[in-house]
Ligand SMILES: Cc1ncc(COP(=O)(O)O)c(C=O)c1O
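So this first bit is one chain, no partners, the form predicted alone, shown in structure tokens.
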């Protein structure tokens, strides 16, 4: 297949369908209505028969492309059907198929050194849950250090009444400027990417520090990048000193996706972990977008050569559910502390397990590394050929981006690409973000670059 545009974008059938969905509060956001029967592989087909090369993957939700036979077979199988029609409160009542999923995670897919998993419905909820685990462990340790009961049920009636009256902890979470961790009120307090996400909403008074976003090409900016890293780490160290004893956790993305596809060196993350340990704070890696293979390893932080595992790591998107993995210290067992009604959609687990198995069986991590390197090479050539318009070509596996001079130029570029059959998206203030499916190959990269080069000539 290849991109093929038959109508204006959106076409008449798509326009009518978008209008029909007006009862949905989110209808005004819609770009396309997908024919999810005709779409196949890396190609999205809309209701008007237009075929797009999908480098968007629905904000990195997609992994195996459209209608992958393994996923179709899993969804048609008895396990998925029964999980769909027989919902369970998974913490209390489950089935052998859920235990199969747990066995697979423990044996093959959990990050090294992380012995527990906690499942919820989506990535943002997974972040929220990981924050709760970090604050719970921190709070119990602080009480113990003061000679008070670790167990909240052992607190006095007055103390428990104070908790119910919102006279809670003064503990804080430290995050990084440009970070994005979800849209719940807890994760939003650690989110610093766009003001529109947080306008009019109350936030916790938690500190954040600068993220040392690397400039590219790295060889040209080595000295400045090193200075940025030193400055960020100095700022983090000072913040941890200022809030000594109150820092429950530090949360960071291996690559800041929503904040503008911003990278940092492995050495930065190693030092962040050291500082977290010194502050007796949890280190949380938010891998909702970077996890499940997009970096070329199953979990992006595996490439940092950390001396020990992170304390908590969140997942979502490509897993088709959310949650976090944890080291033993963050295994929250007490009834009522964490658990919710579902805590694990068994039907989604069938899909998540199928995706993980397919990544293994089809050696998709090798494909991500190979295709990602080729795509980055093509983007760098694109930048060199158009230095007045294209800059900062960068990538890590199949998480790729480049910049245009202004927000308006970037938006124009993305819109023109869509009209010519390539679905890319945006991030930050002027970056084009590319999140191809894990099955994307060099043929699709070449198709994308034909359109990118044609569009940049039109803009010039």
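Numbering follows the first chain given and starts at 1. Predicted model only: the values in this text are computed from it and were never measured.
The next section is about a form of this same protein that is not shown, the form predicted together with this ligand.
Determine which one of 118-126, 263-271, 202-210, 93-101 lies within 4.5 Å of this ligand in the predicted complex, judging by heavy atom distances; exactly one does.
That would be stretch 118-126.
Could you tell me which one of 325, 299, 375, 180 places a heavy atom within 4.5 Å of this ligand in the predicted complex?
Checked against the cut-off, the match is 180.
Name the single residue among 289, 371, 295, 175 that comes within 4.5 Å of this ligand in the predicted complex, judging by heavy atoms.
That would be 289.
Would you check, heavy atoms only and a 4.5 Å threshold, whether residue 253 touches this ligand in the predicted complex?
Yes, residue 253 is a contact residue.
State yes or no: in the predicted complex, is some non-hydrogen atom of residue 346 no more than 4.5 angstroms from a non-hydrogen atom of this ligand?
Output for residue 346 is no: heavy atoms all beyond 4.5 Å of this ligand.
Counting only non-hydrogen atoms and a 4.5 angstroms cut-off, does residue 383 reach this ligand in the predicted complex?
Because no heavy atom of residue 383 falls inside 4.5 Å of this ligand in the predicted complex, the answer is no.
So in the predicted complex, is this ligand close enough to residue 258 to count as touching (4.5 Å, heavy atoms)?
Residue 258: yes, in contact with this ligand in the predicted complex.
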